[in-house]
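One chain comes next, on its own, written out as structure tokens in the form predicted on its own.
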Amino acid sequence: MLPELFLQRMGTQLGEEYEAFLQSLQRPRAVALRMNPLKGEPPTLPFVTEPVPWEPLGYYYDPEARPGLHVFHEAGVYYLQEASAMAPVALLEPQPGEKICDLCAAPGGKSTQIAGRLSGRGMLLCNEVSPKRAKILSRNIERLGVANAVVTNETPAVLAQRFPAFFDRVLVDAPCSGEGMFRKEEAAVTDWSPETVQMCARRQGEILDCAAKMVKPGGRLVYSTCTFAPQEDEEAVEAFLENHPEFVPEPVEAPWFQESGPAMYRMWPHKLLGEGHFAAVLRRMGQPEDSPAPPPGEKLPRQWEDFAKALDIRLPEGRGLRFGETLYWAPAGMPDVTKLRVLRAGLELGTVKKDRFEPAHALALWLKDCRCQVSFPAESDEIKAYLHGEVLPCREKGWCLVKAGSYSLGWGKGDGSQLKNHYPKGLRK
């Protein structure tokens, strides 16, 4: 049962389309996934159906298939993402080499979508204010093999003060009243009230004010919600533009969505295969200035150099960082992040322990190939055993990349007859 006050407002808001809207909420919802280009050529999946029109790598799938249980999900080959939720990044249009901020990023669907479009070049700062949700975000960044992302757990105000006019593009997928998720999440219905809508609108205004400070002159700001409430959507954008005359609407090509104002776009469940969503595209006027040079990196220790040489691992452009025993390879454009709560500073390489190096799971998921690797069919008993933490038959010696088909899955260490399992215990099935 939907809230009566919500229904009354939607009737006024939609007019003749109201009945079609109500009928759409009775239909089974469409489910979708997005292929991860960072993993290479996507596989042919029998449960995938038609493509998502606004996302080249998005596809609807048969809900009976449960692709979240497939080994390719563990390998980061795809991300399960609601189709309408793919729209804001399509409107953001990130380009390889740019500096991008996803300010309200958990659980990571839009961040990993941005990372795919960056193709490993440039830098992505993905932030989440909730510590628990920030850990989930960090895990998804790792699972999809993203090397050029920095994951932070800060307030937007802290980041705005730290990175003024720094980013080419900023995405604010703001916390909202969740009206567009009523069909998907029962909690969104029970938590809804007019007071919640007003509270969300106030919070969204504060987040947008912070985001505005972080966009370079000439840069793009995309604001999105998964709600239908005008107070959180069109009215929020209009208030922002009134308070920030340095920003203007920036119309883009979006033929799949309904325009609801200058450079504002709505996704209605009765007009497309997806849930409710809203997005606005804004441009900060002016000419960009050069960003300050990033701080120098640290020389990686001999243990890493020996490991990388033995497996023929070549890192992308970036710089080394060391946090205690843990080594990271930071994206080249990463600014100084000292005194910030950082969960992931680029690609985690591994740890140095006395005279040896232990590679990180993140490194395995980023790699496509290396000198020592073993591959088993994705549906094989060997892969099932590996995900359970069992040893595998293998004639290799030393660290070895384990692959499900052509996709990296984790590490093992061979002794010439078998492979000791180094799949993380917390991920084992």
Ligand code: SAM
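Counting begins at 1, following the sequence as shown. This one's a predicted model, so the numbers in the text were calculated from it and none came from an experiment.
Just so you know, the form predicted in complex with the named molecule exists too; it's not on screen, but the next bit is about it.
Looking at the named molecule in the predicted complex, residues G109, R133 and P156 each place a heavy atom within 4.5 Å of it. The closest heavy atom approach of D173 to the named molecule in the predicted complex falls within 4.5 Å. Remark: R356 does not count among the residues lining the named molecule in the predicted complex, judged by a heavy atom distance of 4.5 Å or less.
Interface membership of L221, defined by any non-hydrogen atom within 4.5 Å of the named molecule in the predicted complex, is ruled out. In the predicted complex, the named molecule stays beyond 4.5 Å of every heavy atom belonging to I100.
Residue-level contacts in the predicted complex: of C104, M334, C200, A147, one residue has a heavy atom within 4.5 Å of the named molecule, and it is C104. Taking I207, L347, V237, L118 one by one, only a single residue has any non-hydrogen atom within 4.5 Å of the named molecule in the predicted complex, and it is I207. Remark: of stretches 238-246, 67-75, 173-181, 300-308, the one touching the named molecule in the predicted complex is 173-181 (heavy atom within 4.5 Å).
Along 1-15, a non-hydrogen atom within 4.5 Å of the named molecule in the predicted complex is carried by no residue at all.
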